[in-house]
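Single chain ahead, written as structure tokens, the form predicted alone.
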């Protein structure tokens, strides 16, 4: 049994056709890394010298057995990535558990209206607790309800999806089906550059430009869900365009050529062939874009950070409130321990939602690839 484990460990570290002496060097690098991690956890003051030993051993191994050392480094990178995600997940849920235990369903309390009556909220007030006061976010009074922040997140995400979905699809169609090679080489990198602009810059531009326009056009004197949704929708565009364009480009050219041969126009081909064939990939792009919209913080916080209750009426896009992300960003600085625990609950909600959307998007994309290969 031990010999089998040792042989499997050797295969994992250096492969089946390793060169002579590579196992010793790779093992030394792996042991020095493990020692670095242990020293960092228990004796941080000695971590730097031990890390230096790992760097030296790795450099010697790279010079003498580059292939095996590259295999070890890629394995280390993968393991550390998985461990990092696992530790973050554990810390997030462990930090939020006390708030779950203390407040339970009170974290979703439905606020009262100005007359002290129960607000209508999709009949959920029949199963959710009712807030004691109109303001359901009062840390000094121990009242924490994330329902208004959840609802604000939903409104902003819906508006962002209404912006990023159609515009992203049309942009992907133009890049993949209409634009010439030269134009495509210019437009696609330009669209992807949008993802590199800091979110706080988007928020500042949205507040200064769009807010002034809304005030003049609609006589509304406050930042609103509409402005935040428009800005976040623009921020989600690069993701939607990139994934949707890849999906449309993956459609076999024989399908569109056959449509043209039957006398269909370019638009009819895109509408009846390209979009249906790549629909799974397009859907995945929209979902990933909405995932970014849900997790956006600084742009929303820069545009609107006022208000703690539900919009009145609920569908008023010109009202404002904090989203889950902006609630965390604007509250943690001077928050008490109990408030921080509730903010971790908001983080757990965002984590679960975005992770779920990413899994769904990956599933849809894999299904699209199987469908295009004829394995559906």
Partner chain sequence: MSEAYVRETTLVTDDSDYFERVLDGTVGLSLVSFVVGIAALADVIALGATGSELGRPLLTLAVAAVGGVGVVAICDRLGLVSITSQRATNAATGVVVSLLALTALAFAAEMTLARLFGITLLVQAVAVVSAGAASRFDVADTTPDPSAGLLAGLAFGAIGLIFGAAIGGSLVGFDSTLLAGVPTWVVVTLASGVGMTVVTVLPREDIGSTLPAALIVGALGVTVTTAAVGVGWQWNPETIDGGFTGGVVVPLFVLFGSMVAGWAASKARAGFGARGRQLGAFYVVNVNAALIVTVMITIVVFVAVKGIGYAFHGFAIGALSGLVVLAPLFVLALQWARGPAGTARWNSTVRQLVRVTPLAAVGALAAVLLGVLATGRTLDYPFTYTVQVNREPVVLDTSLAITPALEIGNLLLIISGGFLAVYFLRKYGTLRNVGNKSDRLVTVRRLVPRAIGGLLLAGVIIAILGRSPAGIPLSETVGSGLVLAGALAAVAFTVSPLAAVGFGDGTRRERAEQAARVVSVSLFSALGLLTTAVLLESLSGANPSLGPVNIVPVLALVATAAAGCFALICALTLRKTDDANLRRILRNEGTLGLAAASGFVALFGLHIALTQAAYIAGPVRIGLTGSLSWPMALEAYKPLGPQPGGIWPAVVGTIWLVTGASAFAVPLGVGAAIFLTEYAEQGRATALVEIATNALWSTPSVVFGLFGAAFILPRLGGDESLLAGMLVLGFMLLPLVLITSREAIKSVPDEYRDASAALGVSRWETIRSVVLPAAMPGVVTGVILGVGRIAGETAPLILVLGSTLNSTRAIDVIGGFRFLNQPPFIINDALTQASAALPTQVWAVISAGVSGSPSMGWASAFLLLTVVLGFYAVGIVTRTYFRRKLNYE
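This structure is a prediction, so every number in the text was calculated from the model and none was measured. What we label the rigid core is the largest C-alpha set whose atoms superpose within 1.5 Å from one form to the other. Positions refer to the first chain, counted from 1.
The same protein also exists as the form predicted together with the partner chain; that form is not shown, yet it is the one meant from here on.
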item: Contact stretch among 162 to 170, 103 to 111, 146 to 154, 276 to 284 - heavy atom within 4.5 Å of the partner chain in the model of the complex; value: 162 to 170
item: Heavy atom within 4.5 Å of the partner chain in the model of the complex - the one residue of 128, 158, 255, 75 that qualifies; value: 75
item: Option touching the partner chain, based on a heavy atom within 4.5 Å in the model of the complex, out of 99, 302, 243, 251; value: 302
item: The partner chain contact in the model of the complex: residue 23, any heavy atom under 4.5 Å; value: no
item: Contact test in the model of the complex: residue 344 vs the partner chain, heavy atoms, 4.5 Å; value: yes
item: Distance check, residue 271 to the partner chain in the model of the complex, heavy atom within 4.5 Å; value: yes
item: 4.5 angstroms heavy atom contact with the partner chain in the model of the complex for residue 41; value: yes
item: Heavy atom within 4.5 Å of the partner chain in the model of the complex - qualifying residues of 347 to 364; value: 347, 350, 351, 354, 355, 358, 359, 362
item: Residue shift check between this form and the one not shown, rigid core fit, residue 336 Cα at least 2 Å; value: no
item: Rigid-core frame, C-alpha of residue 76, shift of 2 angstroms or more between this form and the one not shown; value: yes
